[in-house]
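Just the one chain here, the form predicted alone, laid out as structure tokens.
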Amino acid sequence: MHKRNRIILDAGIATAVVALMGIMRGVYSNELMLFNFIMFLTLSQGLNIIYGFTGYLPFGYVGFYGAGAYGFSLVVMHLHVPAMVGMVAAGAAALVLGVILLPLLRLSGAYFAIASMAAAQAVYEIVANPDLESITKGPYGVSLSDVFAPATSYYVALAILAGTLLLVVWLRNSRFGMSLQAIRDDSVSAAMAGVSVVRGRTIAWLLSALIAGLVGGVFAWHISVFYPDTAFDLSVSIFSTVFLLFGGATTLSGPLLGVFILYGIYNIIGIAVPQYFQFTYGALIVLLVLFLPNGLVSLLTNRGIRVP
């Protein structure tokens, strides 16, 4: 019963967040800002799967996001398929890239983080190559006006967020999720206990890549016109990582809190009074690292309170 109550609480939080973002579109005029909230809510949870559950922090997470954006764009531009088929291509492109980069999982710590960032930069250099203009449009930007449908793509993004949150709920309450955390804490001991370390890391890596690819695809659909610098903007990785760490990894609510608080501050201060944004943001992060290295949720977990 105790486990069942945990699942119900986690699922309730996930449902409330998705419902909130769905309702907000009808009452708030800045749809792009709301879409960005959904995007970062999803990406931070995608990072949560690979970092929170296995301990791998990919600074180049934006590579999967960019691969998804271009996977979507290429099939829509050249094959003239419907946008939903393009979304399948977005997920497939990220998965293919994830499979290609599987050897990176042999690394750890800073080596893995830097190698993943280098891989993302390599993908960027390929799609931005002027010699590939006839295929990727090179550095000159992609235009997808034929499938531009902000309302539809918004709700597709919301569905991806819902699926991602439910996946994290499952990982937090399943034996597989527990095995991933065992791998994160001590991979040698986990292997001796019968946990398939390679299998667990591979699945977590590919799930995380798939989520980022789908977000990249729906981003391309929603924006319709973008450049390689936008699709492979390192700030996407940085923001997603900061949101995750600020709220607290491994939990469901931690990344949600990180996005709502920090991205909310960004939209209030960073746009209205940008001269104070960097100071405020930097001060918050420094205070967090010094006093709450495990994120905001540690205020409760340190007191023995289980955080959803």
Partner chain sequence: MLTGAIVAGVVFGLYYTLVGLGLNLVFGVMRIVNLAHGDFLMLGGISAWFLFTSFGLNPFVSVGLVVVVFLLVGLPIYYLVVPRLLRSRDSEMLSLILFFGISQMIEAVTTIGLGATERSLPPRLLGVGPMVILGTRLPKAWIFSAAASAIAVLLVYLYLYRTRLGTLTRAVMVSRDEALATGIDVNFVSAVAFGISLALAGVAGVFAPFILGSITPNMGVAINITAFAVIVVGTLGNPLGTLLGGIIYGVSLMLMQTYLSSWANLLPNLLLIAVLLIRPEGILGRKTRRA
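Between two forms, the rigid core is defined as the largest C-alpha subset superposing within 1.5 Å. Since the structure is predicted, the reported quantities are computational estimates derived from the model, not experimental observations. Residue numbers count along the first chain shown, from 1.
Keep in mind that the form predicted in complex with the partner chain is not shown, yet the notes after this line are about it.
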**Prompt:** Can G26 be called a contact residue for the partner chain in the model of the complex at 4.5 Å between heavy atoms?
**Reply:** no
**Prompt:** Though only this chain appears here, would A110 touch the partner chain in the model of the complex if you measure heavy atom gaps against 4.5 Å?
**Reply:** yes
**4.5 Å heavy atom contact, N129 to the partner chain in the model of the complex** = yes
**Request:** Could you confirm whether L206 comes within 4.5 Å of the partner chain in the model of the complex, counting heavy atoms only?
**Result:** no
**Fill in**
Exactly one of A159, A122, V85, I135 comes within 4.5 Å of the partner chain in the model of the complex through a heavy atom, and that residue is A122
**Prompt:** So which of 166-174, 150-158, 101-109, 219-227 is the stretch with heavy atoms within 4.5 Å of the partner chain in the model of the complex?
**Reply:** 101-109
**Asked** If we check the partner chain in the model of the complex, which of the residues in 228-254 reach within 4.5 angstroms of it by a non-hydrogen atom?
**Response** L234, I238, L245
**Prompt:** Would you say L20 moves its Cα by 2 Å or more between the shown form and the other one, aligning on the core?
**Reply:** no
**Request:** Spell out whether the Cα of I285 moves at least 2 Å between the shown form and the other one when the two forms are superposed on their rigid core.
**Result:** yes
